[in-house]
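The structure tokens that follow cover one protein chain in two forms, given apart as structure 1 and structure 2.
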Structure 1
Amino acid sequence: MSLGNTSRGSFGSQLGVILASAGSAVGLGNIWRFPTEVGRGGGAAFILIYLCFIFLLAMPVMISEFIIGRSSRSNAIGAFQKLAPRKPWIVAGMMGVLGGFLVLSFYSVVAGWTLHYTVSSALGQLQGQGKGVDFGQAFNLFVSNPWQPIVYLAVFLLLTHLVVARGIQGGIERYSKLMMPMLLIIIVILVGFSLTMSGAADGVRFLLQPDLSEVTPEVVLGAMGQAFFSLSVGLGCLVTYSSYFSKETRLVKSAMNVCIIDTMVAVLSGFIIFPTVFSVGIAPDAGPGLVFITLPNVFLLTFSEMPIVGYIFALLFYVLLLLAALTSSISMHEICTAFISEHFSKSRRSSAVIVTIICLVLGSFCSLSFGPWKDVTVFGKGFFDLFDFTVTKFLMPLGGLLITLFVGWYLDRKLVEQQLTNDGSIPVRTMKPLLFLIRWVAPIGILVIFLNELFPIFM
């Protein structure tokens, strides 16, 4: 098995590997989706289930993706072609690339909204509108506008495109190293802001006290979907990234670091949002509008006395969301760009253009499903919900299942151990439990939860 194909790009440093992978993981999923799911799933109870899924199910998938990517040094589809020629395993790669297009399309819509809110808060519009503004109405008016959100979507996709087109070291690694530290610093500042607000204690309690009565099968399924989405696993995104890892990269340690950073950011985002929300007495389960409707109210209400602080808080929050979205969208774009470039022998630049155009079209469909195409449904869902559902409830769990089965049961055990130990040069004390997770716990866990989704009699 070829371990080195020098004509492909590669990450230049271990820090680059961690920051790029963590950049993929840390995204709207942590700051926008996680608090929404926590709000709906009863706070701490959801977080507990989520943590179990991160370490028992999603991390084994991540390590499996690393093994596949680094041993094949190929894109998500090419990897299965190389490791299992003419075998049906390639379906896992195909689902991943399809998922890459779908996820980038609907994700960029929300990222476009974020860009709009960043611009509005920079111009002081969010905070300066004065009392009596109905942010819910303003949000609905904006997202249902036929063209405005599409312009923001296009600008966001262009930013993503520019990074990916520059390649691995000059684009993805360089910008991850710039954006991730900025993101982490902003989070710490915002947690500080949020915890000093009056009434913040209720929000903290909501995050830390489990209410098990809120746990329903949907909450459990939601927690698994969220764990997979948050760690970017199941679509071959990390197969693609790890195909650029060096021989020295420690796969298990890197995966642990990424899981820890991602979980920290998700929980800290909860600590930014819930104390803030509770401090003004708004219900925490406001759904996806949480960061676009509830928070602007908070920014306005709480800081009407201290305009400068309010201005900075709002601006920093949306910049944080934007940075997070960008480091993740880059990785989704890379799944598709790497595939097109390698499979059709096209240059990175032209492959990136193709991906950007396809996602702009699909993303526009998603955006329109909040406005003029509200009534256009496929299987009873608008395009945005359809893409979200297909990726998070279907492609990711199924992809994760196939990936762990592939590494646990199909791949040569020697190759797996070689990858985990870097050809025997580092001891991996957790090898046995890790293989147990990959072979048994993750596939069975995913299967049970997934089947329950299809035939809800299991729970």
Structure 2
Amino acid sequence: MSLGNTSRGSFGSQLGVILASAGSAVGLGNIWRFPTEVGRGGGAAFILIYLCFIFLLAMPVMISEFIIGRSSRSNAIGAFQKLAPRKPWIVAGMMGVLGGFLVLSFYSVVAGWTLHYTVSSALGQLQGQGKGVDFGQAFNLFVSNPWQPIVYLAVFLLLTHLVVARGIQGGIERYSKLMMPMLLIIIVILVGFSLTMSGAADGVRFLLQPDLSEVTPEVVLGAMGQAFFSLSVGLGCLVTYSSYFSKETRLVKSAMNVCIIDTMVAVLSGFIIFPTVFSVGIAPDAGPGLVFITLPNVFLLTFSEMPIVGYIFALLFYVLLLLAALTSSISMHEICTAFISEHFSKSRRSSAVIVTIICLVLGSFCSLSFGPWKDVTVFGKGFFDLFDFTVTKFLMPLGGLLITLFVGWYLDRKLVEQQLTNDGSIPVRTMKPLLFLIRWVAPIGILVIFLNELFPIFM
């Protein structure tokens, strides 16, 4: 059963579905946020808890987005308009589109930093500055510059724009099939590099030997939150992507494959980060400092006697980050582009231009909040922190909560079952447990995350 317009674009293959959806989930957070959370949460113990929540909490939200998208064949807002006309459920779609604009704006700032470091690595500047370089000071000088980060932000947004403007099969699917295998190949190469370093065994041991004494309620909640945010669910990008799925696409199997790829990237990133930083006795820092300050120091110290190896390692690492940033930004751009194109009856290219311009302006505000506008605040926060806070603390958890409640409690049960079984053509033996997860486990888990983010219970 489908209520949407079948004349819209669609993915041309199951591989395209999986790689594009996985690309939406895989992002910068997999590379630096996951290892940081693992470091705080006791290593392997955190990973085991995280894996449980991926499949108990995050995957049901993803499947719910798939059901909404394919059954409606519409953008994030149009989907709720079609499935629940004149009902307040449209708020979930509106939050998704707003979140898409905000995420693409502040995310592109960090992606611009990544592009800058990729260029610097390619030119050999990270390795050629000498042992006395202060990477922390260099990073702070760069991000506070009034114009240079904005140039990189604009270039990154242009790269994203060029993919989205080409459409579903010719743009998103085509480049996902190119970028995702490249990303996975680079990860494998970097893991091989990391495991050859002296002291790498300590990092591997930290990842593989659970220390249950480190498990606290705070660690459990952290793993739950990381599982939810890692897959980028709750903003409607997967509603938009799944609106391009064919009727033959197996939703549960696709969601499972996306979760496996996303988790594999996150865990393998740990095998890059931990052996690398353990080899020089440094613990991973939180946030961007890990990849823009700590790791350049590690590259310099570790490969001082093998500069060509250090050059290759650093370049591949930042290319990896750039690819991860691009695959995620494309999905955020598509949320907004699809909405403008369908709601205002504009061409895809015109809609993409509008989205790119809006996000360039908003992204420039975010970038300037690290420099000339650092004292300009709204509700006590600079633009970058305000956008980040609004999305991660409100829009994503509330969106995910509404999406699971919508599918679990509002949508007609027959429609849900028809989507999950492709109109009865495939058996889904886990139907009842899956619906239980969508109706009860995922909403309760998301609500706990949301309340803990606003009112930290275990801090």
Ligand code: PFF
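Just so we're on the same page, residue numbers count up from 1 along structure 1's sequence. Predicted model only: the values in this text are computed from it and were never measured. By rigid core we mean the largest C-alpha set that fits within 1.5 Å across both forms.
Review point. The same chain appears twice here, once per structure, so which copy is the form predicted alone?
Key: Pick structure 2; the other is not the form predicted alone.
* Does Ala324 move its CA by 2 angstroms or more between the two structures when the core is aligned? -> It does not, since the Ala324 C-alpha is displaced less than 2 Å between the two structures after the core fit.
Exercise. Inspect the rigid-core superposition and answer whether the C-alpha of Gly222 shifts by 2 angstroms or more between the two structures.
Key: Superposed on the core, Gly222 moves its C-alpha 2 Å or more between the two structures.
Any chance the CA of Leu415 moves 2 angstroms or more between the two structures, core superposed? Comparing the forms between the two structures, which are aligned on their rigid core, Leu415 does not shift its C-alpha by 2 Å or more.
Per-residue CA shift, Ala45 (Å; core superposed between the two structures):
Value for Ala45 between the two structures: 4.7 Å of C-alpha shift.
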